[in-house]
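There is one chain below, alone, in structure tokens, taken in the form predicted on its own.
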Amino acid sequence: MGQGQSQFTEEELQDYEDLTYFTKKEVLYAHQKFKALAPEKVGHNKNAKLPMAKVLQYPELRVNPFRDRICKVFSSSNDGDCTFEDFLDMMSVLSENAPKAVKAEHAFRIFDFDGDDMIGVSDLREVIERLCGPELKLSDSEIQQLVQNVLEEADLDDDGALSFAEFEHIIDKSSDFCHSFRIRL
């Protein structure tokens, strides 16, 4: 790990510790994981930016049905490509130490596929289809029924979509949200 430490000054490590839910040691470990995704590109360039295809090689992202959305939400360039700081932010928010409110905010952005600050019918359809995957192909009417069930339960103002406040209300009632919305470093 000493080799990784030479890429960051003590001040940079302190800043990362202050801005994330990680210790300095965990920051260095995160950098090791990031570097392992593309050693030839990261090497000694701590400002390297990895294409989304490389970031998606991270084992727990590789199997996540929302992997592309996760990368895009955390990408500072909004294209899914990630710098180490983007990766560190992603891992920090998805860590066990991040508060529920921070996780909820990012989950909302991940599920808001069209970026209109609401989780509407098309967003809900996309979430359901991704969660079911190709092996559990639901009919259009089954998906529509599930969307209706979600809206009946969570759309408190009956506008046909979930605002962040309504989404947060659902998260507050979900005891396993924090456990399921995480990735181990």
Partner chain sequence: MSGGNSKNKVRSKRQEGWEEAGGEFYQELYPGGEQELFENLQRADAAKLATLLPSKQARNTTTVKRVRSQNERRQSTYARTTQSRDIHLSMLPDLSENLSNEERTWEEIMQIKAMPVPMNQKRDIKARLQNATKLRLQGLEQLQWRQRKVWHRFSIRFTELVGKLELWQTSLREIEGKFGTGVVSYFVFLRWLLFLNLGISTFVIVFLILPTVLLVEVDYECDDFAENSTICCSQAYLRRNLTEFNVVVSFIQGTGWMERTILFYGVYSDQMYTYYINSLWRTQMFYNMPLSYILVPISWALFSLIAIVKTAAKGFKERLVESEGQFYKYCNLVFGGWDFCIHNDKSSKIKHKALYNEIKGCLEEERFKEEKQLRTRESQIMLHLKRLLIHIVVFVILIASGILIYVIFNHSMDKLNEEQNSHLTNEFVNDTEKSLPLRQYNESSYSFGQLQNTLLEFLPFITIVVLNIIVPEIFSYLIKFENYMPANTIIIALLRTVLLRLSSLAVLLSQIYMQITDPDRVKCASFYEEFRMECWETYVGQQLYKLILTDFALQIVMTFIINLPRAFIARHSNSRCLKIIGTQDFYLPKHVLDIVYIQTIIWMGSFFCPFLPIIGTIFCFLIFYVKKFTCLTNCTPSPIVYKASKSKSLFMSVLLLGFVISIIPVAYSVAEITPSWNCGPFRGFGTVWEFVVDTFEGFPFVVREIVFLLGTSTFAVPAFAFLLFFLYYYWAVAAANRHMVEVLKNQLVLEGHDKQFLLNRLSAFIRQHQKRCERRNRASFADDDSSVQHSSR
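Since the structure is predicted, the reported quantities are computational estimates derived from the model, not experimental observations. Numbering follows the first chain given and starts at 1.
One more form of this protein should be noted, the form predicted together with the partner chain, which is absent from this view; the next part is about it.
For the candidate set 36, 131, 121, 53, a heavy atom within 4.5 Å of the partner chain in the predicted complex is found for exactly one residue, namely 131. Within this chain, residue 75 lines the site of the partner chain in the predicted complex, having a heavy atom no more than 4.5 Å away.
Within this chain, residue 30 is remote from the site of the partner chain in the predicted complex, having no heavy atom within 4.5 Å. In the predicted complex, residue 137 approaches the partner chain with a heavy atom inside 4.5 Å. Proximity of residue 62 to the partner chain in the predicted complex: non-hydrogen atoms within 4.5 Å are present. With contact defined as any non-hydrogen atom lying within 4.5 angstroms of the partner chain in the predicted complex, the contacting residues in 151-165 are 153, 154, 156, 157, 158, 159, 162, 163, 164, given in sequence order.
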